[in-house]
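Read the single chain below, which is given as structure tokens and is the form predicted on its own.
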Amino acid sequence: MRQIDAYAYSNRISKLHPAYKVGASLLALVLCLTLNRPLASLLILALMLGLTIFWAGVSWRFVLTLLLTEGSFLLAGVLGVAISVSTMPDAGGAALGPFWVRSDAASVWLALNLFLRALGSVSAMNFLALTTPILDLIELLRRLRVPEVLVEVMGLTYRFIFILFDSLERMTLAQEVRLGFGNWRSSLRSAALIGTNLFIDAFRRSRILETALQSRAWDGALRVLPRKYNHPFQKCN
């Protein structure tokens, strides 16, 4: 998560106007979902990877590692489409204990098509996440007249993700120092303690943040100075 956020601010096109990057990602996503062709999904996947690696300058190792991680979850999801499991005897299936397992060419093709569509869509979202800082997205949503409360909740939630990550790391380290993960029983106990303390810490931090905002005459909106953006025909500094 932190590395994704770091690339969003340090890539070559981080100062490009976010509308172009959002538009490119949404266009790729819509094409991938509507065309419903494996070849189209592969072309979109290759295009978005090329834009992320060669245009934005994001490390190809990180991009491929991220895509492989996401692809493993997608693959686990489409296995249920390619393989059917039943408790009823099936002449075309194979017996596996009390179950009958069956797969055919149509199911495999459908699963492959679904996997490629999902992977192409994920690559489009990866391009947006790795090239666009969250502050730019928030500013763009404000210009599009998205309700202010949704924008503020989005910004605060994103900020609290990193705060809770830091708290989680400190709590986990504290339990490891105390040999809290030495065996299965102690691991469960440590996980329960971390979960409880993390909830309490999140609540405490939210109250502190609310008090700090109210002391500064908060009117329901967090305003920041907009950045200066480049456009496609300008050089990205």
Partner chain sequence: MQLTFIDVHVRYPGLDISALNGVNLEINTGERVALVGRNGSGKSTLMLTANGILRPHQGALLLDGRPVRYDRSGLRELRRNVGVVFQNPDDQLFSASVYQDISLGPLNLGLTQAEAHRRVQEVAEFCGLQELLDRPTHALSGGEKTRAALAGVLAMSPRFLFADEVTNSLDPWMRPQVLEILDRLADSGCAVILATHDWALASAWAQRVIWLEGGSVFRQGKPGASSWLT
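Since we're looking at a predicted model, the values are computed, not measured. Numbering follows the first chain given and starts at 1. Basically, rigid core = biggest C-alpha set you can superpose within 1.5 Å across the two forms.
We do not show the form predicted together with the partner chain, though everything after this point is about it.
Using a 4.5 angstroms threshold between heavy atoms, R159 counts as touching the partner chain in the predicted complex. Although the partner is absent here, A118 sits far enough away that none of its heavy atoms falls within 4.5 Å of the partner chain in the predicted complex. The closest non-hydrogen atom of P226 lies within 4.5 Å of the partner chain in the predicted complex.
Although the partner is absent here, I53 lies well away from the partner chain in the predicted complex, with no heavy atom inside 4.5 Å. Residue in contact with the partner chain in the predicted complex (any heavy atom within 4.5 Å), chosen from V108, V153, V146, I163: I163. Across the options 55-63, 176-184, 202-210, 26-34, residues that bring heavy atoms within 4.5 Å of the partner chain in the predicted complex belong to 202-210. Taking the partner chain as positioned in the predicted complex, the residues of 1-39 that bring a heavy atom within 4.5 Å of it are, in sequence order, D5, Y9, K15. In the core-superposed comparison between this form and the one not shown, Q214 has its Cα shifted by at least 2 Å.
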